[in-house]
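One chain comes next, on its own, written as structure tokens: the form predicted on its own.
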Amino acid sequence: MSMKVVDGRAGPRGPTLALLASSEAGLLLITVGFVILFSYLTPGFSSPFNTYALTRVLAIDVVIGFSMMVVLVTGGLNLAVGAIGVCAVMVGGWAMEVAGLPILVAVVLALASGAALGALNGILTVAMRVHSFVVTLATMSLFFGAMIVMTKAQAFNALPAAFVSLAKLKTYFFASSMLYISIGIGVLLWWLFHHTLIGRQILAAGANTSAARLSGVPVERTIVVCHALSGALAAFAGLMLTARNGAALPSMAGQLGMDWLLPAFLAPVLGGTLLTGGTLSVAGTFLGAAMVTVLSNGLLQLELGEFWVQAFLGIILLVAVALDRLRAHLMAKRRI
């Protein structure tokens, strides 16, 4: 096999071998393996109905993963993704059902409210000079509690049929139309981080904050932008879930939005986004969400029970964090 020397070490030549050695290729092979295994063990796994249901869940989990990924790249966290998503969809539900606003206007209001709550997290993080873990842990309860008080925990279940029908469309191979929306969001995020100035500034700020600041990167502004983007993505995921459920529910993301935290962490960390920041993978986040969704669906098809599924996903998260530390260690050694 032809090799090339990189920084004094031998390595594989060409992009093809680099792709095969990537975490994305590994995730793809593992996911395909799970699909084959579950298709063999449970005939219902590969049925058109289950394919449609699985892709609907996957579409939402991918966007939830993206909402955490854009904050992880700066070395931060957003524990309030679920709470922000619920707050945003309650705004959208109110706009459609009570105010009678057009669907597009209501969607824009929901996304804007999600971005505003996310930006507030970023501003507090920068102003207080503490880790976003602390800030978002506090705002998670604050946002959710304020939403419950303002809405009196009442759902908006008379949404326009045109909005709800968006989640019921089927496309090729019995896949949900929402999956293609998630793919489109992924393409936009890839373009943002690889072909725009603000994207490169975010990556630089996450990789080395001090060096980025010396290079003229507005680090504080990039942190606020990332949190605002995270909030908007959480709102988008909430809107997709609302369309699927046919109603804007205060409990749609669990108590305090806790039900979103596991998929939010698993997808980007499995996909190669470092917890220390500076490195992300949009494709890896998509594949990480795909693996988690396929695994969860397959285990439920085997009738193992929701508790065992959650326990298994928790183990996967611990393994993913260990792999993240290993990747960070290897990347640090390469820079020496």
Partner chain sequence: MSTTMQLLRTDWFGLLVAFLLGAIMLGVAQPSFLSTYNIYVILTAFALSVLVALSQMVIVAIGQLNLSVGAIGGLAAITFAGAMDLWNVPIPVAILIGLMVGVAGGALNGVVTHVTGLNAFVVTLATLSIFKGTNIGITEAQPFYDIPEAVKTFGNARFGFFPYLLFVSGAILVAVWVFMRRAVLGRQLLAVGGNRNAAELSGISIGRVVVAAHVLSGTLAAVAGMLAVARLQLGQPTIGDDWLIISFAAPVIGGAVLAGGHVSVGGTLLGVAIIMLINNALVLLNVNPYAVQLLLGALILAAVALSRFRDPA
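Residue numbers count along the first chain shown, from 1. What you see is a predicted model, and the numbers here were worked out from it, not measured in a lab.
Beyond what is shown, the protein has a form predicted together with the partner chain; the following relates to that form.
K.L.:
Though the partner chain is not shown, can you say which of Ala146, Ala211, Ala162, Leu169 has a heavy atom within 4.5 Å of it in the predicted bound form?
P.N.:
Here the answer is residue option Ala146.
K.L.:
Quick one: from Leu179, Leu256, Ile198, Leu109, grab the residue that has a heavy atom within 4.5 Å of the partner chain in the predicted bound form.
P.N.:
Partner contact (heavy atom, 4.5 Å) among the options: Leu256.
K.L.:
In terms of non-hydrogen atoms within 4.5 angstroms, which of the given stretches 127-135, 109-117, 237-245, 199-207 touches the partner chain in the predicted bound form?
P.N.:
Checking each option against the 4.5 Å cut-off leaves 127-135.
K.L.:
So in the predicted bound form, is the partner chain close enough to Leu275 to count as touching (4.5 Å, heavy atoms)?
P.N.:
Output for Leu275 is yes: heavy atoms within 4.5 Å of the partner chain.
K.L.:
Classify Val217 as contacting or not contacting the partner chain in the predicted bound form by the rule of any non-hydrogen atom within 4.5 angstroms, answering yes or no.
P.N.:
Outside the cut-off, so no.
K.L.:
If we define contact as a non-hydrogen atom of the residue within 4.5 angstroms of the partner, is Tyr40 a contact of the partner chain in the predicted bound form?
P.N.:
Tyr40: no contact with the partner chain in the predicted bound form.
K.L.:
Is Phe307 near the partner chain? Define near as a heavy atom within 4.5 Å, in the predicted bound form.
P.N.:
So Phe307 counts as contacting the partner chain.
K.L.:
Each of Leu77, Leu262 and Phe265 within 4.5 Å of the partner chain in the predicted bound form, by any heavy atom, yes or no?
P.N.:
All three within 4.5 Å in the predicted bound form.
K.L.:
Only counting heavy atoms and a 4.5 Å limit, does any residue of 292-318 reach the partner chain in the predicted bound form, and if so which ones?
P.N.:
Phe307, Trp308, Gln310, Ala311, Gly314, Ile315, Leu317, Leu318 sit within 4.5 Å of the partner.
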